[in-house]
Every structure is written in structure tokens, then in C-alpha cells.
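Next up is one chain by itself, shown in C-alpha cells, the form predicted alone.
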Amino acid sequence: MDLSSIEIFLAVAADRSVTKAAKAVGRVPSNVTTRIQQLEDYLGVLLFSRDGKKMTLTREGETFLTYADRLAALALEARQAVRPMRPSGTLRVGTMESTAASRLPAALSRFNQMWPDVSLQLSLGASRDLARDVLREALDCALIARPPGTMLDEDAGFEAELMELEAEPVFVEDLVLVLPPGHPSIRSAADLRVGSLAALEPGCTYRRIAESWARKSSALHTTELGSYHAILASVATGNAAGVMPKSVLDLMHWPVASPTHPLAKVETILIYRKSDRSGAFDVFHEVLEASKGSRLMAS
């Protein structure tokens, strides 16, 4: 068992896909499959259950994930301890509110402990606004939601903006529609018994996905709200269905049991300008890579 095997295991655990993990670690899928099988042979247990192309952690895999996180973090700390240069200065990072709440706390805490000389400035915003801020150099990098391919086809402007930037997948969110308590299960927007869709600002990719899904119900209009707590409060009135990642919903410990309906799996990507990377960005990127397989970072 070596560090590259740990890196591959964490990538597969985060992406739940050999193909996506192979892209993330810069290997071919067959090599990733072989390395996972070798790791399982070494440990004497199955780490993943295979359902077609989907890779889901077994109980043993969940246990090993904790140790793999610690090994990856320790390796990162060891590399930084022997580096003669220490990055400093300011790194301006943009992120969606949902990502800041559910995915970044552990990574940011680790970054602050390892690189106290770097001043990390965090800015919250919608995906489209963050991408434009990176392009105009108001931000050094950002974590945004990548729209599905069908949406990019409809929005050539946003696609062109993303093509000007480097983009790396970090994790995958399960986007859900939160229904009012007691609402029957649904198959499509036509089954909704509410009059509005509660969502964040227009530049939010999650909102755009939900609005695209809801087009089958002409009676549904969008209510724009400023936070996920406000969205859930609107759902609790019984007059709206709310849009949010499941990771955020799980964090909120909402006292009212609300049914959900799956909308899409949405990639969160790290974007930055081509050929414009600082030492502070490089170490932030390393911390994200080391953290993305953990329980907080994996979807």
C-alpha cells in the first residue's frame, strides 16, 4: 500500500466513478481499477460495491476512508514541512454559500494551520458571478457548480466564459427539491401541489437546473430568497418547494420532516485563470485535493 494507492482510493470514494476518478488523478481508468483491486487484495476486503459504473463504499470502505484521510493529510504535512519556501500573501477565493457551509470548514481549518502566512479572503456568490470575477481578476480562484451539458448548450455565453478558465472537479452534490411536510411523492413538476419554487439569486446554477426541470408546470413561478434557511422557512409554509444540495439540508437539522425529490447530480469545480497560479494557490489546491475524499468533502 503506497500513497498513490491512497490518492486513487480517495478519488474514487469522492467521485463514485472510476472514469471521473481517473481524470482527477491523471490516470487511465484501467489503471485505477487495477490499483483499487490491488488495494482490496492487500487489505483482504472489498472497499467498494460495484453497481454498473457506480462505485459505492462498503462498510469496510467507510472504515478505511477515515484512515486514508489521515494518511493523505499526514503526507501533505510532511511535504510542506521539508519545503524551503513558505507561500505568503493574499489568496482571494470565491465560493457558493452551500460549499462554504457544507464542504469547506475542515479544509479551511487545515489550510490555516499549515499556512498561517497566507491571508485567505473568502467571497460568497452565485456560480456565474464568481466565474466572471475570476475572469476579471477580482478573484484568484472559485468553487462553482458546473451546469449539466444540456444547460451549457442553451447558454453559450457561460460556456464561453468557462472555456477561458482552467476547471478541475472537486466533488459531486446531490441537488434535491425539498417538499412541504405531508406533500405526496412526485415524478415530475406536474405533480407539485405548490405555487412557487423557492431558490437563490438568478446566477445560481442550482436555481437554473430547478427552473429547467420545472418547465413542465407552467403555473410554477420562482420566489427569490437570500439564504437556505429562508428557503426552508418558505417550504414550511406549504406554499413552495425549495432547491438546495442535500449536503446543506443534512447540516441544517430542520425540526420539520420534509420529503425530498432528487433533481440532479451536480459537479462542483475549482476554476482559475490559465497560467496564473501563485504559491498560495498551489498549496490551497493541495489542501483541497487532500481533503476532498473525507466525510465532509465527499458527497
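If you superpose the two forms and keep the largest set of C-alpha atoms that fall within 1.5 Å, you have the rigid core. In case it trips you up, residue 1 is the first one in the sequence shown, and so on. These numbers were taken from a predicted model, which means no experiment stands behind them.
If you look for the form predicted in complex with a further copy of the same chain, you will not find it shown, but the lines that follow are about it.
- Note on contacts: among V172, L71, A107, L143, the single residue with a heavy atom within 4.5 Å of a further copy of the same chain in the model of the complex is L71.
- This chain appears without its partner; in the model of the complex, the one residue of E77, E224, E166, E161 with a heavy atom within 4.5 Å of a further copy of the same chain is E77.
- Remark: of stretches 60-68, 228-236, 22-30, 259-267, the one touching a further copy of the same chain in the model of the complex is 60-68 (heavy atom within 4.5 Å).
- In the model of the complex, A219 stays away from a further copy of the same chain, with no heavy atom inside 4.5 Å.
- Proximity of L43 to a further copy of the same chain in the model of the complex: non-hydrogen atoms within 4.5 Å are present.
- Shown without its partner, the chain has M1, D2, L3 in segment 1-24 as residues with a non-hydrogen atom within 4.5 angstroms of a further copy of the same chain in the model of the complex.
- Superposition on the rigid core between the shown form and the other one places the CA atom of D69 2 Å or more away from its counterpart.
- Annotation for V45: C-alpha shift of 2 angstroms or more between the shown form and the other one, rigid core superposed.
- Once both forms are fitted on their core, a CA shift of 2 Å or more is seen for F9 between the shown form and the other one.
- The distance between the CA atoms of S247 and E7 is at least 3 Å shorter in the model of the complex than in the form shown here.
- Relative to this form, the distance between the C-alpha atoms of A264 and E62 is increased by at least 3 angstroms in the model of the complex.
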